[in-house]
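First, one chain by itself: the form predicted alone, in structure tokens.
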Amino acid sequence: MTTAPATPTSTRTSTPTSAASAEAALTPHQDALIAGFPFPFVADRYRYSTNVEPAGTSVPTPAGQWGAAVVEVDVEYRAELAERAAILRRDPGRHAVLPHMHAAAWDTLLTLLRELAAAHPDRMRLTRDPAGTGARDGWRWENDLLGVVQEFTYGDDTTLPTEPLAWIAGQVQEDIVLLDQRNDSLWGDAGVVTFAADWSFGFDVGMSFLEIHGPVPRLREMGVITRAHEFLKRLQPHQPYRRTNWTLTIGRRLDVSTELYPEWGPDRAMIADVDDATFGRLVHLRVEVQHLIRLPESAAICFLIRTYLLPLEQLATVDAWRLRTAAVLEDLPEDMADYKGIIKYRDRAAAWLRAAGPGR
């Protein structure tokens, strides 16, 4: 498992001194999550943009760094994969591969295994033609973190325990959406999405890229979605890009899909009645690191969504993050706050962060 980089002590508050008297000393697990957290804000003002950049370069932060690999593995690896497996058992509709996407599913499998093996060679290995028989389509995958050794023949579903896209989703923490490009448009025709943030993959599968993003305010008016669509259509193999997106979530809940709204929706009202300590513990900054990869064999686009959660009480231990997040929330327009589902508590979140400064 990847060891998170050391946390520079000079940029962290020595103890969380929030108005809610946040948590006591952080555990090594929590420190690792903070050190690898992809803090998304580059200014005190946030508006929608395509905000894409080449992937695979490390981004230093006041707490550590993130982004060195396309497919990251962290201290939550086993727990998140176990959660994904449980969700898929309860709701198989989170996984779909339309018939014409079979080749893209295999293309995704091999592409992501190569990324994992390159980023984590001490724990993961991918070997071609392991028996040395000259079988170019024969592979062996070894994942020490999960205790998995799997030999398979590329393109032959019978050599895997399950459908190839479902199988690779059991090796990576990222949700996966595959976009087919045809008739000058992109179509979300396959995927495994278990950690959706207030949307439903089961509802969206088969829809066009422009239809999927239709409900987001301002995107069409600002031309953002059209530019993103054109950019994606020009993606080239072996030139992955990435972007970040964010919202707030109540509780450390990865699965806030539309399907489960009756479970998590009432939290948006509940949070108004909790005390300050509970508020800082429950409200999380939720960040998605989204990678965009043109698959080399099928020419489909692999859209990876990796979700990170950090409670405000831990976010506030990095003073630069505390102040910037407060500023972004204070400046966020009403329609954007409403679409993100945070309008009922974003003002309190900003005030909480302002009050959580050192010496308070």
Partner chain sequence: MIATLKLVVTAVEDAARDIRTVTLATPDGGELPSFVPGSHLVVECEGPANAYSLVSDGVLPEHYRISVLRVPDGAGGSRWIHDLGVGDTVSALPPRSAFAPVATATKHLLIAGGIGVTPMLSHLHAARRWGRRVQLLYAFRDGYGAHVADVEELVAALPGGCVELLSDRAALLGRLGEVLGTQPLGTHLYVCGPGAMIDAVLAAAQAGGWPASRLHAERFGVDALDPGEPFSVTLTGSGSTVDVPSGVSLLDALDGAGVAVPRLCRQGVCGECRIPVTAGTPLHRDLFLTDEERRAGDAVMACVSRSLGPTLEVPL
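Positions refer to the first chain, counted from 1. Only a predicted model underlies this, so the values are computations on that prediction, with no experimental measurement involved.
The discussion below concerns the form predicted together with the partner chain, not included here.
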One stretch from 265-273, 206-214, 167-175, 152-160 that, in the model of the complex, holds residues within 4.5 Å of the partner chain by heavy atom: 152-160
Ala35: touches the partner chain in the model of the complex, heavy atom cutoff 4.5 angstroms: no
Partner proximity in the model of the complex: Ala299 to the partner chain, non-hydrogen atom cutoff 4.5 Å: yes
Distance check, Ala103 to the partner chain in the model of the complex, heavy atom within 4.5 Å: yes
Using a 4.5 Å heavy atom cut-off, state whether Asp137 contacts the partner chain in the model of the complex. yes
Counting only non-hydrogen atoms and a 4.5 Å threshold, tell me whether Asn183, His238 and Tyr241 all contact the partner chain in the model of the complex. yes
Find the only residue in Arg78, Arg89, Arg252, Arg114 having a heavy atom within 4.5 Å of the partner chain in the model of the complex. Arg114
Between the options Val328, Leu295, Leu292, Leu315, which residue brings a heavy atom to within 4.5 Å of the partner chain in the model of the complex? Leu295
